[in-house]
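In the form predicted alone, a lone chain appears below as structure tokens.
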């Protein structure tokens, strides 16, 4: 992307007036997206952006500047601006010779989406539309959407790190509306993977459409959910977003350092039930948050945060790790070159257990079986959360019975972790975009089928 001498000269310029550390982040991003509604293409977009962000650190002060001009002159101007923002002064810090850091993709890209015709992408959406409508006569509206992106980055810093990555992501979504005498109900499904167009080998558009349509149709017969404290069985993958929000954010070192995390100061303590191991893993092949390096040049890695219920570590970016005399955990991420990196999750999940998922349900006399969660709110300082439920069923006498609607899960993240009393031997992940401090990055979260002994279900049944 940039020749090494230009990168080295930019780092030298950034530290010429003083400073303890500097880095350069260069990004070249291209994306396409399209929407198909009511049998026709409604929208098709493509975008391209390229630029660099330069950071200079002096003591506790960070200066940052970004530019879309990645010529030597443009980079020099950004370096000067970042240095001035850091209020640098005095002799400059020596820049270590750049040594390329070898990184390995978690997987190989078979077909770059940019090589696939627009007609082929539209075909996938049309196939989804047809499959969803064939699922049931009650389906009255189908919207499908396709998106892909390619993000090439280069990261270099004054410690001598030079690293690159080429990240390709593909996602497909289907949303359906079902209509009956009971009213209108919606259902959706939106998987994504850090892969190329071979995504559809694993996720055919017909399968995605059938899941979305079945979700909408099932709600037509759903009854109001009860309001009670109940055992809740979370289907594999369904609780990923819950543990991502209610527990994962509280394990990010920046929130811990600000005393904005319920997990602050608890390393070595039991924070979850036995058998519960929580991991953040940027190397999890094909998943939405997978990468070879993070946005500070650290190699992606598998970090065990909670091991058999014991809190073992937090997630770290480069600067906080340097201040604590330790290595980054590969969790420094940023939305684009125009943003500063911060501590962020990648692929965060609870590992598989040993129990049969069907047996977990059979051993639950009465409770809620949650298949999919929607949006929610979390207070990271306390761990308290509220999540909407988009698909759920009652469990009666150890069997899944009727669907329910209009429900929320209410609880506390650490309490939910401690209340996990059954962990299945299956596994699935959820795909999403994680927002924090105005930045959004791709992540996945997951878990096997598991049971939380008690959560508050906020329903509308009388």
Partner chain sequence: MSSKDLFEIARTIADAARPGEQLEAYVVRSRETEVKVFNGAVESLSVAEAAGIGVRVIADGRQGIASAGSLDADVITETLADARDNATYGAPDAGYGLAEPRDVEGVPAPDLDLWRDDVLGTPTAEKVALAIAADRAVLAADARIRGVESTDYGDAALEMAMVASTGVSATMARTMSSVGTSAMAGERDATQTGYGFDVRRSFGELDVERAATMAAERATRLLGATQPSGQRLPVIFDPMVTASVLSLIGSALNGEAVLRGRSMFADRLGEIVGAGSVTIVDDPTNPDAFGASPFDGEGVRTRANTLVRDGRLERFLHNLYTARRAGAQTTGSAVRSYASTPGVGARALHFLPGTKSPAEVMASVPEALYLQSVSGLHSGTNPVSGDFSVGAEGLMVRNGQFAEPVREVTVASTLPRMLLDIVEIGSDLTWLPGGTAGVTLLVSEMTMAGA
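Positions refer to the first chain, counted from 1. Here the structure is a predicted model, which is why all the values come from computation and not from measurement.
Although it is not shown, the form predicted together with the partner chain is what the next lines describe.
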For the spot marked by 7, 312 and 336, is every residue within 4.5 Å of the partner chain in the predicted bound form through some heavy atom? no
The partner chain in the predicted bound form: contacting segment from 372 to 380, 126 to 134, 292 to 300, 345 to 353, heavy atom within 4.5 Å: 372 to 380
To verify the annotation, which of these, 362, 326, 229, 274, has a non-hydrogen atom within 4.5 Å of the partner chain in the predicted bound form? 229
The listed residue (198, 114, 159, 384) that reaches within 4.5 Å of the partner chain in the predicted bound form by any heavy atom is 384
Against the partner chain in the predicted bound form, would residue 286 count as a contact residue? Criterion: heavy atoms within 4.5 Å. no
Would residue 255 sit within 4.5 Å of the partner chain in the predicted bound form, counting heavy atoms only? yes
Please tell me whether any heavy atom belonging to residue 62 falls inside 4.5 Å of a heavy atom of the partner chain, as the geometry stands in the predicted bound form. yes
Check residue 175 for me: does it contact the partner chain in the predicted bound form (non-hydrogen atoms, 4.5 angstroms)? yes
Residues of 45 to 60 having any heavy atom within 4.5 Å of the partner chain in the predicted bound form, listed in sequence order: 45, 46, 47, 48, 49, 50, 60
